[in-house]
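Shown below, as structure tokens, is a lone chain in the form predicted on its own; questions about how it binds or moves come after it.
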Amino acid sequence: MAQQKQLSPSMFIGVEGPEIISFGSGQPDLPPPKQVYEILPDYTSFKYGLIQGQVNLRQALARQYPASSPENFVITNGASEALDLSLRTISDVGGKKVLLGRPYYYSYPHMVRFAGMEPVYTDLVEGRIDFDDLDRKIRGCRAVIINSPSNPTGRVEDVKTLKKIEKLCADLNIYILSDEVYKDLMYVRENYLLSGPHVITINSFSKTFAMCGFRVGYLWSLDQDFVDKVIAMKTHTSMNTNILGQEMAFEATKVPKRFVQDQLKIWEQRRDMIYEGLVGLGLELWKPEGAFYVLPKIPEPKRFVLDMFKKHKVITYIGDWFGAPKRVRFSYALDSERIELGLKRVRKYIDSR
């Protein structure tokens, strides 16, 4: 029990130091586009903002989504608030079960429970959704969360599977929460935007533009009644999202696509380095197709995570947090030299066992 208490995300989040190699938090180390902070010397607006989000940012986003208007968006405190508000709104309109793919992002089950609902699980196969199993498990659920590319697996769902999920959920009147915070960090294809009568798309400026600390996310849906319910709830919870962060996010919408494409090449190089390095250590893992995570199988994962941190100054996240008890998650959101050094420390640990 004591060991389990020690192992929590709060043990590692924000931990830094010159000797520490962190494969932990999924926080891009690449710089934001310079345009987002060039506004700082001249920014002078510090009054309350609109609950739904600043108009200029919602207008810019509407140009990126089909058949959209600024009214289809709510700007939130990161993607996490967008998910939280969406789940609580769904709970309010009826329904007590939410289907999650397992492994899952570690906050999903907690957020579902905080919303007064119950998580139900479909186990992924090779890191991807097994549609037949999803079809069986989704009966009786009010919503399903789709996360592609996935944190923690780095896998991208097949478009055919996503289209079948769209039809199934439309037929059964089930909400789809599509968590697409890594949609611009895909190595295998362009993002497929889910559609349907009750699809809520969740996104953020954190990963694409390395703006994690500004906490600017959003939800988009053509279900206007749902959007209006979210706004009503946000009015009495967090009120407006940080307006300076929103203005910086607005500047990010003007950045040429080349910025993201150039950074994607760096992510792919790092993906290859850590994947090949871990395979070379004899570890079994799926090759990521997006995001910046790998999830290898590790013998005695709790011991590995604790020993790597305490004895080798390497942070990793135990798979238990993600519903993957025999695995450990590595984030490769750090430069190549530190990835290489971290892999050497992992090899030292494995060779000493």
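All of these numbers come straight from a predicted model, not from anything done at the bench. In this text, residue numbers run from 1 along the sequence as written.
What comes next is about the form predicted in complex with another copy of the chain, which is not displayed.
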(message) Considering non-hydrogen atoms and a 4.5 Å limit, does another copy of the chain approach Met239 in the predicted bound form?
(response) yes
(message) Would you classify His198 as touching another copy of the chain in the predicted bound form, given a 4.5 Å non-hydrogen atom cut-off?
(response) no
(message) Since only the chain is shown here, I'm wondering whether Tyr65 would be in contact with another copy of the chain in the predicted bound form (any heavy atom pair within 4.5 Å).
(response) no
(message) Using a 4.5 angstroms cut-off on non-hydrogen atoms, would Val55 count as touching another copy of the chain in the predicted bound form?
(response) no
(request) Heavy atom within 4.5 Å of another copy of the chain in the predicted bound form: which of Leu244, Leu168, Leu264, Val279 fits that? Just give me the one. (result) Leu244
(request) Report the residue, out of Leu283, Met233, Met273, Leu222, that has at least one non-hydrogen atom within 4.5 angstroms of another copy of the chain in the predicted bound form. (result) Met233
(request) Select, from the options 104-112, 254-262, 172-180, 140-148, the stretch whose residues sit within 4.5 angstroms of another copy of the chain in the predicted bound form by heavy atom distance. (result) 104-112
(request) Could you list the residues in 212-226 that come within 4.5 Å of another copy of the chain in the predicted bound form, counting only heavy atoms and keeping sequence order? (result) Cys212, Gly213, Phe214, Arg215
